[in-house]
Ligand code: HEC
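Only one chain is given next, in structure tokens, and it is the form predicted alone.
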């Protein structure tokens, strides 16, 4: 029997979209959808392909628009698919729902996991991070250092101890204004583990020693203290933090770029400069301190700013703000424990003000991150402090 190509194969072969199709084939998020479409014989099959590869929905309109020019493609419905199609977005939340289940964490489609490369230290607790970006919306990455999330974005972070959840935090953009963000924390019921309908809103108040774990759930003021310092509000879902190889099903910068989430694609990672020792230290300071010690001056010191937040354009280790504003730069503080010290004193970790602060606990004004942030009661001795100590020890005066 003579071979008869499918309608989808005829459509693709007859189109004049070589560049568009090649781009799709070369994209591991788009290529499988196109292979599915090529095997189709009618519009219903094409619809099934669109649904099966729904993650790629933002990529399909450009391909369909081009395919529409070929007569063979009209029978596949190509000419009616020039715009992205997604399910109806959930209602926006201007007030915190009473239970975690009502935030959509376990009911919304397209909720993805992610892990920042340089996570915030939280006394060694286990953390799970999830993000929802409405179906066809995109993140404005015209400024790669300050992402603008679309209205409807939701991010959740669950804190657990020995596999048992203690709290889950919600960060949600409910409006177009720069301050239109909702913060809410939910305490899990230790008698109903895994039941999100019994994980209840704390009312915005601090919950000390939640569930007898020693972990304090922060109040709304604590949330704003950290998140409101950043224009994008998210501290861990960003260009530098996602610049790593995906772990399992986690999102990475490369994947969300290939999926069409970003208005300005970022196919290549933004690697923190330096050798392994330098990268580990600068990355830790970026993730744990850069939210406040940043170029926007949340902690202003016009005479001698300390900037620990990295920028994607700073590709020369020695020229990063984190090096230039710390190494050999005197501490500007009246605290006795910091008197006469440099922020980073080469080869002398014990005399470096930043490490003194990272070690300090329970001393308001000295401890970093701040004692009233509820973020940590224990120093990260074997993680970030070890990384920064190794870096300081490697420096030469």
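Positions refer to the first chain, counted from 1. Here the structure is a predicted model, which is why all the values come from computation and not from measurement.
The same protein also has a form predicted together with heme C (HEC), omitted here; what follows describes it.
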225, 234 and 306 each touching heme C (HEC) in the predicted bound form (heavy atom, 4.5 Å)
yes
Residue 285 within 4.5 Å of heme C (HEC) in the predicted bound form, heavy atoms:
yes
Would residue 369 show up as a contact with heme C (HEC) in the predicted bound form if we use heavy atoms at 4.5 Å?
yes
Contact label in the predicted bound form: residue 254 to heme C (HEC), heavy atom within 4.5 Å:
no
Residue 260 near heme C (HEC) in the predicted bound form, any heavy atom under 4.5 Å?
no
Spot the stretch among 52 to 60, 325 to 333, 25 to 33, 38 to 46 with residues whose non-hydrogen atoms come within 4.5 Å of heme C (HEC) in the predicted bound form.
325 to 333
In the predicted bound form, the residue from 103, 278, 171, 320 with a non-hydrogen atom within 4.5 Å of heme C (HEC) is 171
In the predicted bound form, the residue from 147, 188, 270, 156 that sits within 4.5 Å of heme C (HEC) by heavy atoms
156
Since the partner is left out here, which residues of 106 to 139 would have a heavy atom within 4.5 Å of heme C (HEC) in the predicted bound form?
114, 116, 119, 120, 127, 129
